[in-house]
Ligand SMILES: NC(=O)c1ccc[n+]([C@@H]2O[C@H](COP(=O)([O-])OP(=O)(O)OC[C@H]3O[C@@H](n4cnc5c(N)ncnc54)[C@H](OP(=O)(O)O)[C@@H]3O)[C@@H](O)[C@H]2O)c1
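Heads up, the chain below is alone and in the form predicted on its own; it's given as structure tokens.
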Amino acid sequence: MTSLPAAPLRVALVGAGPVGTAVALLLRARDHQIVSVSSRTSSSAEAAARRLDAPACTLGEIPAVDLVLIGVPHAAVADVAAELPGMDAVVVHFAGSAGIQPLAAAPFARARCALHPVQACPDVDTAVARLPGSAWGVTCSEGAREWAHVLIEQDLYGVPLDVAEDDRVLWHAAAVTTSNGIAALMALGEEMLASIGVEAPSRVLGPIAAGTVANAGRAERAALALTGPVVRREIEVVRQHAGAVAARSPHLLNGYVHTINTIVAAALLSGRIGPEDQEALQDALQTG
């Protein structure tokens, strides 16, 4: 088995997105050396290079390194890997739904790793703050698993979880459903409040959303943190809600009904309600 590089690592960053740049910053803080930054545009490469105190270059100009970080969107990973100059390096990407297959074209790679952080990272500063403590989905070529776990645990302060190549898409789907689903549900609630003249509805719903996420995080399963009329089997309240949405915000009714049905399904699967309650709640949604 080929030995893998030991710290301190010489690192090249390809793609100046939030996750890749944040990982490079965290590695730099652990005394690894960022030796080059490449990106689709020279302006983004130069901006990241200034922050990382490293030279900007093209893909073809990347010097010999121990680790290449590919921080580009999923669709571009394979193309970038194919354009890397030949070097005996570990090549890593951060795309959630892809395993190591897109890295197959990376010439002479010592090892290939797909490392996906389960975290919402809208910008570099937020990513630097949030990545420590986050879970990482780890898929590696043979012999690289332990090396990747050490990198995540000791240098990125994360929690590595092994994910099979064939399971990456569902892994990513779970993360996207949770992250964007929370934001979408809050947006639905904001529209309801806006329809009755509430200004800055995010200030009303932000605290309850944060409290709900905290409750779910502490529970053994998120469904056990459900509260409200569904798990209290308050059929008439659900009927009134559906009627109010239909009367005051009819364009939001479809989203409301789908959301309540999702809550009902979670409550049923976790044993919080029974099949007869599910039927009654679904009838209430139709007659509201």
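Keep in mind that what you see is a predicted model, and the values were worked out from it rather than measured. Start at 1 with the first residue shown and count on from there.
Omitted here: the form predicted together with the ligand. The next part is about that form.
Residues Pro229, Gly243 and Leu285 are none of them found to lie within 4.5 Å of the ligand in the predicted complex, as judged by heavy atom distances. Contact annotation: the ligand lies within 4.5 Å of heavy atoms from the stretch 69 to 77 in the predicted complex, the single such stretch among 138 to 146, 200 to 208, 156 to 164, 69 to 77. Although the partner is absent here, Ala16 sits close enough that one of its heavy atoms falls within 4.5 Å of the ligand in the predicted complex. In the predicted complex, no heavy atom of Val90 sits within 4.5 Å of the ligand. Put simply, Arg112 is far from the ligand in the predicted complex: not one heavy atom of it is within 4.5 Å. None of the heavy atoms of Ile100 is located within 4.5 Å of the ligand in the predicted complex. Proximity to the ligand in the predicted complex, defined as a heavy atom within 4.5 Å, singles out one entry of Cys121, Ala105, Met192, Leu185, which is Cys121.
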